[in-house]
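Quick heads-up: it's one chain on its own, the form predicted alone, in structure tokens.
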């Protein structure tokens, strides 16, 4: 966990980092967040993550808490104070502190900003990917705008817990037509028997993953055929390989879906190769 956190203008020990009880993030989940990977001390895909953060803020009509340049300085200071070489930076912006009322505060209050860091053991993460994960499918209970990266994640929490209860690492969510949208905290991918890589297109039904976007660049570079389209659980069961992507999972192979074992039940070579070469193409900033 983070040893030092940034909270509304102050760098504080984690144990003393607190927010007001009437912060709208606490009262209404009225806020947004981003998670950026830190790899070998560098921020991965920083620009795309910050662009998505700005978009999410705009969709909820929340002002930025500070200028972009100052925000970048805060991120780097949290990395430095936590001596973070491998892990993640988490940032959360809520609409701010105001008397509890469903309406936006009037006059507008200053948004709240929290930034924390988390250390990751690369060896453990690599071992998990080498083993692969199991996933389940279940109905998508989220609101209709998962393209906005809000902190309102109770449906995602329930889906992730349902997966854990079935000895799985992720839940793939099904839309009203019974087709797979994405995971509770990741984008979903399959590779059919012809070698075509398939993932849901960018719509309001999914979060446009930053790792997803970078991976498309890598897939093109490696000459893989890609289809951005909806796909069914049966197509996933019949797939040659499958995997998930996200800032915290990078590329993690899937070895079974709803108790349907893929191939030999071990991570496929394409997914493992994509994981091995992801940081070769991912933009990094110090």
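Numbering follows the first chain given and starts at 1. All figures in this text were calculated on a predicted structure; none of them were measured in a lab.
Below, we turn to the form predicted together with a small molecule, even though it does not appear here.
With the small molecule left out of view, choose which of 247, 255, 50, 60 has a non-hydrogen atom within 4.5 angstroms of it in the model of the complex.
After the contact test, the surviving option is 247.
Report the residue, out of 116, 168, 112, 156, that has at least one non-hydrogen atom within 4.5 angstroms of the small molecule in the model of the complex.
Flagged contact: 156.
Out of the stretches listed (256-264, 66-74, 217-225, 238-246), which one is close to the small molecule in the model of the complex, meaning heavy atoms within 4.5 Å?
Of the options given, it is 238-246.
If we define contact as a non-hydrogen atom of the residue within 4.5 angstroms of the partner, is residue 35 a contact of the small molecule in the model of the complex?
Flag for residue 35 set to yes.
Does at least one non-hydrogen atom of residue 96 fall within 4.5 angstroms of the small molecule in the model of the complex?
Residue 96: no contact with the small molecule in the model of the complex.
Taking heavy atoms and a 4.5 Å cut-off, does residue 207 contact the small molecule in the model of the complex?
Close contact exists here: in the model of the complex, residue 207 approaches the small molecule to within 4.5 Å, heavy atoms only.
So, residue 212 and the small molecule: in the model of the complex, are they within 4.5 Å at any heavy atom pair?
Close contact exists here: in the model of the complex, residue 212 approaches the small molecule to within 4.5 Å, heavy atoms only.
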